[in-house]
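Presented below, as structure tokens, is a lone chain in the form predicted on its own.
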């Protein structure tokens, strides 16, 4: 699009210029382009040899960071509901979030004046709790829920219904799901990952401030101790049951990452090309019951050796399980109802997901039991052929179901990255639609 169009609530019928959006009014809209250029330059000069605390990942690029990026140690995830029906204000929010995210991922403060440089009698642009802290590998990833396109009662608030991807389906209610609506769904999501929890929390806090009057947090989740490795350079971590998790899933370096994670142009719609689909599930673990279960039974339920992570059919962690191997009494060494067998790509036409989950502990319940578990995050090319069939098999037969309960669920379309400081996350979606 060549013309430079200023988006305002009074002129919401105008088409958006992706090259002129820095002129937009609203939170963050007045940020000078020169500041964004500096952010990009700093990102491009980030040293691959930097320590985890000093690492700054580029914000701009073909894909959003925080997907194939090596998984950081901490997470703050938030789902937002829009409190407006204005398409112009939604666009303005995404523009402002893009600007702020580009700054914060490079270790800068949000806004023009930051935490200390603004008018003394006005609220600071940045909340200040991350002042003096390094970037800590912060990535900020933004996604769109199905309700952004069509609400549960069929409303098309932003003129986007025709652009809803076919893969952005409503996740079915699986057997034994005990979903809390207050911990499920959302119009928008933001995933902030960092090596310092304060840096991740700071990111969500400031994006939430920017959203005031346009969107409000519906639910959020803090995570610690990643439960998956997204890079072959990382060791496989352990979940709250003490087992290595996600061994067989796709890594950033794998040759099939393009076909398993990124949306292909042929899949459509065009605005999602180079994006991905994110499934988020809050899985509560019955820690106390598991802790009283024998090691033998624990390993049989999972299908792996607890110490080494190797399949019970033998070998090392990354050896393929031999599901035909038999043991005493001619029983399969990897049980028919084991988690590994039911979730393995060989049971689902080779489909894999890129796992990015985190452990969580949110205090205790009224009976004194730990409110703890796995915040499952997985990126995939199409949830209809990956997460949904895998979870269907697990919900039906997984022996682990005795010890876990799914209490939160959401699916988001994660668009491709912003190309440069003249672009913003999700811009192509609005270029394709007709302004309302």
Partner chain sequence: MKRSTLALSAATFSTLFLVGCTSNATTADGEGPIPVSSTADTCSVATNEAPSGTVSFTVTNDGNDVTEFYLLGEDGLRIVGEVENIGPGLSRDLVVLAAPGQYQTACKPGMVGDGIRADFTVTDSGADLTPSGPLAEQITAATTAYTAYAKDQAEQLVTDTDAFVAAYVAGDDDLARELYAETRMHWERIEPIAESFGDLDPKLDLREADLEPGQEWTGWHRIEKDLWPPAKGYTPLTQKQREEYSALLVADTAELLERVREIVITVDQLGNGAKELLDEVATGKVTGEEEIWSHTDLWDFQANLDGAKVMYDLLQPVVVQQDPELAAELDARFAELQALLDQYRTEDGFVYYDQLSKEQVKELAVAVDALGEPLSRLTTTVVSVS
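All values derive from a computational prediction rather than experimental measurement. Positions refer to the first chain, counted from 1.
The discussion below concerns the form predicted in complex with its partner chain, not included here.
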Contact flag, residue 313 vs its partner chain in the predicted complex, heavy atom cut 4.5 Å
yes
According to a 4.5 angstroms non-hydrogen atom cut-off, is residue 265 in contact with its partner chain in the predicted complex?
no
Could you tell me if residue 350 has a non-hydrogen atom within 4.5 Å of its partner chain in the predicted complex?
no
Quick one: is residue 175 in contact with its partner chain in the predicted complex, heavy atoms, 4.5 Å cut-off?
yes
Tell me which stretch of 85 to 93, 175 to 183, 350 to 358, 254 to 262 has a heavy atom within 4.5 angstroms of its partner chain in the predicted complex.
175 to 183
Going by its partner chain in the predicted complex, which residues of 371 to 399 come within 4.5 Å of it through any heavy atom?
396
